[in-house]
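A single chain comes next, written as structure tokens; it is the form predicted alone.
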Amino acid sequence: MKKIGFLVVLAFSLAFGTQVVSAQTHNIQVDLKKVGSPIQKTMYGIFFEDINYGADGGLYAEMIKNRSFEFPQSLLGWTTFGNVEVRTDGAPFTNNPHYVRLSYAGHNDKQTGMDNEGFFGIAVKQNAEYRFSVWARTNGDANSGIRIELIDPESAIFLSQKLTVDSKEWKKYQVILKSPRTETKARLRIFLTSKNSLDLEHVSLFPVDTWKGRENGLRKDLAQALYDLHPGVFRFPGGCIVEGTDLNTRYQWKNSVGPIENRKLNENRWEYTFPQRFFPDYYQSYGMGFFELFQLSEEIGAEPLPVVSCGLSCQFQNKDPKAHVAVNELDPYIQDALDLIEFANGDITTKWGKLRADMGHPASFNLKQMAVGNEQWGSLYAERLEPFVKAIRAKYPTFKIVGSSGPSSDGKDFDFGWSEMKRMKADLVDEHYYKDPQWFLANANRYDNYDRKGPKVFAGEYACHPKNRKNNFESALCEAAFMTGFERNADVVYQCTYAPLFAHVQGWQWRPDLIWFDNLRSVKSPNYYVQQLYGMNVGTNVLTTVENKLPLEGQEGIYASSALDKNKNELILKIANMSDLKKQINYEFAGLKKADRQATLTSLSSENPDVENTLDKPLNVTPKTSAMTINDKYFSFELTPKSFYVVVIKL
């Protein structure tokens, strides 16, 4: 990178700290002599929930919809022709009893088979390879066969390959398909090629080139985007799907582990939550279950934070107390929580530790914390959380328990939740807030006066919602300013995660979201880059950062925080300018000896607050970085209007 000198204000050392400054100049003191509170490695992380087709049709790379014919409408996602029958007798997988039988159409010029539409189409790239697999068996002594085709929207065939089924016993078959062209809206077609009938179950199509090359893998570009965030914590699987619309549709982690083919389908509560964004084909295959989520957490360098049901279904949708589990009937739910800890950490001689090992991970996932309940509130929640706390503490005394303060950022239920979390001695309290830009700017000091002796804060779901609910630059900049308050109060704020994470451009129900995608491309929002800049520049300790002895919490539009990284021997400055004016920023470092120091300055800015990054224009707002040399313990630089900067100085 080009080496450039930092702008030094003439006579700065004489004028610094005096009252003779213009309204557009800010003199900021950073104290390196008094190293402040530790900043947790988990401080900035990510939250995954299967909303907006975030899992099936998104991060989970399976390309076939309803692959095991277990949707309530057994052939939803499929178009059949000829002699096709859905059956349940003699299925190979107990949790997925449906399969299809393809039989002779009755005439040599007629055909039997089926098409799958995929998730908003099946997208393939030229020269890329795709793994087709299916469990199948013949009926009778002769071999049977199928022809696998990819067809375009006009039903023209552009890829075809045959497969012979040679056993009367259920058996897995697979072939590799290499696409001769790029097609965004293909369909998969299966033809019966023999007069002898056959049965098919668990029809699957994956890219060969998945994240880490796994057969039951994740979409590579989306997983890479998570890795590039440098997250410290990974919260999953929700969110509201933990609760379910009702108890029957809550997320049950035990259904998401074990052999892929035998994982029980679950209804996704986001299928019909928003009638104006209704998707009747939105289900959870659990193909990307808890094992895969723990594994992903490990691979992206984040500490896992699973969320389990506390026995309450969604309180917004279930006003009748009878819709929830009675307190005296919570034992199975509590046992699920204890078993999950064993699954993550247990020795391979334990029941659930052995299952983890059998799935390919003998070593512990080193789980340290768990959230019980998602966004519950009131006495209904408190009286159910308490037996979980007692049981987990009894078996795992050092394990961290995350409770909830409810869905609001303040008010009666919020205050009651916090009082109950303190009484039960929860380790962390999960706060959620989806608010407008003005709220974020006004609340950068939110944690300044929190109880330093109580539970720590986990900001588990937050995002700035502008009027148009877009991922525009304005929302990202407001979040950048607000997050300086997280860092400044690291003795209270333990960790935070933006929400939601993913959204398919054709299948979203909620926005804004951090990463948008279609079936071939993905785009990182301006909000993503804010999260990335914080995740890449965490530091180990807070440093006092003041102007006129006051923290910078919006004075004349300036928000700032600073951190020391003892491991990298770096000083990290974060500063946001929310005003429409240029700002001259003058820093003075107490305790820093005069010397030449290498530094980098990274900026995120835009003249248009409503600008977004899109699939067609993904680089509208991206960070710009330059290298520099700092020649003094004083230095200054100019902030452009509406901008966020991160300065990293080698000590």
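This is a predicted model, so every value here is computed, not measured. Residue indices: 1-based, along the sequence shown.
Just so you know, the form predicted together with alpha-L-arabinofuranose (AHR) exists too; it's not on screen, but the next bit is about it.
Residues placing heavy atoms within 4.5 Å of alpha-L-arabinofuranose (AHR) in the model of the complex fall in a single listed stretch, namely 369-377, out of 369-377, 577-585, 187-195, 129-137. With respect to alpha-L-arabinofuranose (AHR) in the model of the complex, the three residues F236, A302 and Y528 uniformly fall beyond 4.5 angstroms at the level of their nearest heavy atom. In terms of contact with alpha-L-arabinofuranose (AHR) in the model of the complex, the residue from C240, V308, V457, V402 that brings a heavy atom within 4.5 Å is C240.
This chain is drawn without alpha-L-arabinofuranose (AHR); in the model of the complex, the residue among E201, E183, E461, E487 with a heavy atom within 4.5 Å of it is E461.
Residue contact check for E70: none of its heavy atoms lie within 4.5 Å of alpha-L-arabinofuranose (AHR) in the model of the complex. Looking at E62, you'd find every heavy atom of it more than 4.5 angstroms from alpha-L-arabinofuranose (AHR) in the model of the complex. Within this chain, G289 is remote from the site of alpha-L-arabinofuranose (AHR) in the model of the complex, having no heavy atom within 4.5 Å.
Interface residue remark: F47 is counted as part of the site for alpha-L-arabinofuranose (AHR) in the model of the complex, having a heavy atom within 4.5 Å. Applying a 4.5 Å heavy atom cutoff to alpha-L-arabinofuranose (AHR) in the model of the complex picks out H432, Y434 from 416-437, in order along the sequence.
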